[in-house]
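Shown below, as structure tokens, is a lone chain in the form predicted alone; questions about how it binds or moves come after it.
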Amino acid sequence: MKLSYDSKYQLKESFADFSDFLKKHQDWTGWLNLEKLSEESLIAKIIEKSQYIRENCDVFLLVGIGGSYSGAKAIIESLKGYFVDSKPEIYYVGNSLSSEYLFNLKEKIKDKDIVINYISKSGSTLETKVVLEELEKLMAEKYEDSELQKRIIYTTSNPEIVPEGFDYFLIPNNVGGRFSVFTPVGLLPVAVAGIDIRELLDGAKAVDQDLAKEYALFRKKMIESGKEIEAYVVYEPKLDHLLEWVKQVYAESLGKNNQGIFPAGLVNTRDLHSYGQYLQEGKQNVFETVLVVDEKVEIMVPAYGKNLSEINKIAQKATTIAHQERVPNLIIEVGILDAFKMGQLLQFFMLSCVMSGYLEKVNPFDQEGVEGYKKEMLKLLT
């Protein structure tokens, strides 16, 4: 992985107290202990369960919201590619309260074999509870109790929510939802998708901490220069949900104390025909973090004598040149994206986010603001 940006941005600041910062928040830093998260007994159990799921269902339903599903979806969509017919089909549910979506989903899957993975640290999140209860009705019509116990798997920090006889995986108490992608929260669905989770974890262990610091320092420089919006940009549509995951990590971690950079996600060249106008001539309050991956397929475009992947890279370079006078760019070059590099990339973003919290003097692990809508919703419901 490689970072590049305009050399005029001098990034110098000490991280001498960063280890003390982590100790202060050690109740939330379990995701940094990758050796424990990748203990062979746990990985073997996850792989065994994923094989059961792959062999015994047509549809795998991941019931979760926020960090309970977003990391897994980001990995699966980024690595599996486009228009892939896979068994089982994977659907991500419980992240909205749309009755039409849930009704249509039930109609689509009612005649198929199903396995559910219910993911919730506490088991109290309204969206996922409501959806699980509705899906349980469907499951109870399809399966006897002994079979049903095999087909609903819980991933939680609260074993008390698990009915007797049902299997479950524990989310460590010292890992918050948006940092949980390398726990069973992310690893079980990723394994079900046929992705090598050992390779993913090896990539996370190989993260370059100096690069993470450099990115955090660049973001601080942008704050100091008056930038308020960070546009995360990709030129490969399959990375769209990776941007959704990044946006949650940074928005929920750093949007506090009337401060923080607003994260946006752009998929180019599509969004060059909409947001491109704003970036070129709008308010100068934006900087771009551009994620560049190499493509695995080459298609020759005779009119230009170049491969389509080359033209896509040229579009990225041309956009950087066109924007750089008004919109600072930081480029993250990954190469061909595989499970190892995906692990590196996710750990890079999480680590750098916490480093940004250190530099911006905010606690990156709490999210009191999220509770606001929940409290008001509870009032209206009751």
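We number the residues from 1 along the sequence you see. Only a predicted model underlies this, so the values are computations on that prediction, with no experimental measurement involved.
Not on display, but discussed next: the form predicted together with a further copy of the same chain.
Of the candidate stretches 201-209, 158-166, 281-289, 182-190, only 281-289 has residues whose heavy atoms lie within 4.5 Å of a further copy of the same chain in the predicted bound form. Distance criterion of 4.5 Å from any heavy atom to a further copy of the same chain in the predicted bound form singles out Val130 from the list Val130, Leu148, Leu170, Leu138. A heavy atom within 4.5 Å of a further copy of the same chain in the predicted bound form is found for exactly one of Val334, Ile331, Ala315, Ile47: Ala315.
Taken together, the three residues Gly66, Tyr69 and Asn95 all lie with some non-hydrogen atom within 4.5 angstroms of a further copy of the same chain in the predicted bound form.
When contacts are judged by a 4.5 Å heavy atom cut-off, Lys213 does not count as touching a further copy of the same chain in the predicted bound form.
Not displayed here, a further copy of the same chain is approached by Glu376 to within 4.5 Å at the level of heavy atoms in the predicted bound form.
The closest non-hydrogen atom of Ile153 lies beyond 4.5 Å of a further copy of the same chain in the predicted bound form.
Using a 4.5 angstroms threshold between heavy atoms, Glu144 stays clear of a further copy of the same chain in the predicted bound form.
Contacts to a further copy of the same chain in the predicted bound form (heavy atom within 4.5 Å) from stretch 89-110: Tyr91, Asn95, Ser96, Leu97, Ser98, Ser99, Glu100, Tyr101, Leu102, Phe103, Asn104, Leu105, Lys108.
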